[in-house]
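Below sits a lone chain in structure tokens, taken as the form predicted alone.
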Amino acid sequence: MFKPSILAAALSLATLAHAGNPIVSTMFTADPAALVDNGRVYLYAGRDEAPVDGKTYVMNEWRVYSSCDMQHWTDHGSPLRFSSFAWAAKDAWAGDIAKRDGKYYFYATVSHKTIHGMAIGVAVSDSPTGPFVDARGSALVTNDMTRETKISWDDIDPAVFIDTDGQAYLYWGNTVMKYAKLKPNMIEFDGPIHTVGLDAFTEASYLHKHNGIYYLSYSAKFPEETVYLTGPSATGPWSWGGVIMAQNAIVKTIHHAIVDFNGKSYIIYHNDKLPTGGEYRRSVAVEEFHYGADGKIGLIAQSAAGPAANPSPGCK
């Protein structure tokens, strides 16, 4: 006989019944982040809970899913809520994750209780599926630390990148992109915050490396489209690449992550394709894409089918 705790765990690990896009059909999900670890890809997304006629974001938790083949996804529940940070007042906006020295660090956007505006916290876990706990007891970034704009949401959308030399960086921002080096402990900055002027930058900066080329992608304009730049290092200088994905039909945002998994490349993003979906009721989807011989990325079309199965050997 199952014990209640075992039964609950089994139910929380239910495999989603369908393949294709959106990845999750049982709830609204947005702002994807992704991590490939031990032959499995992990997807992290904020949960959109706004009603059909909602006029603002209602987001209280992040969700985590994993896959061995980019088609069948296992639901691992919620590894983290905004309330996991005692200093946070509300909101579970876009985050990102990295693994270092056997620990998993999740960088999360929340509203601060006592400092006006959005802030970025760091949570840590021994497992990619959590639970995650506050690693600092305070915010890593608060709105009063950056003065480039007068808006209260310019410190959002963290993206973490660890270079091949071991140096870690955090990128973030709205209207103006910012970045800073991270100390090896992953919870403190190692030097000043830098600002970067980027053409039509809105938000959702993301850095990845492929065949020795650094790719800085971000959401440009509003409604947003996804564009990319290339450079010789994690800090540029940057050269224009092109548009990766066109704007969505309804929802104005299109936050993304890019990963290599089992020899293929994927972009994970959100759109408005579930019934009653829209600005505050978004859905995460995934597409396979290819680099040209010159390293360029062409325009990636959104699809209902999603990528073909790509089983990872030994992954169950």
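All residue numbers are counted from 1 along the displayed sequence. Predicted model only: the values in this text are computed from it and were never measured.
Only in words, not in the display: the form predicted together with a small molecule, which the text now covers.
In the model of the complex, no heavy atom of D154 sits within 4.5 Å of the small molecule. Contact annotation for E203: at least one heavy atom lies within 4.5 Å of the small molecule in the model of the complex.
Taking non-hydrogen atoms only, A257 never approaches the small molecule to within 4.5 angstroms in the model of the complex. A residue is said to contact a partner when one of its heavy atoms sits within 4.5 Å of a partner heavy atom; H270 meets this definition for the small molecule in the model of the complex. Picking from 86-94, 164-172, 235-243, 185-193 the stretch near the small molecule in the model of the complex, with a 4.5 Å limit on heavy atoms, gives 86-94. Taking a 4.5 Å heavy atom cutoff to the small molecule in the model of the complex, the contact residue among M59, M70, L43, V284 is M59.
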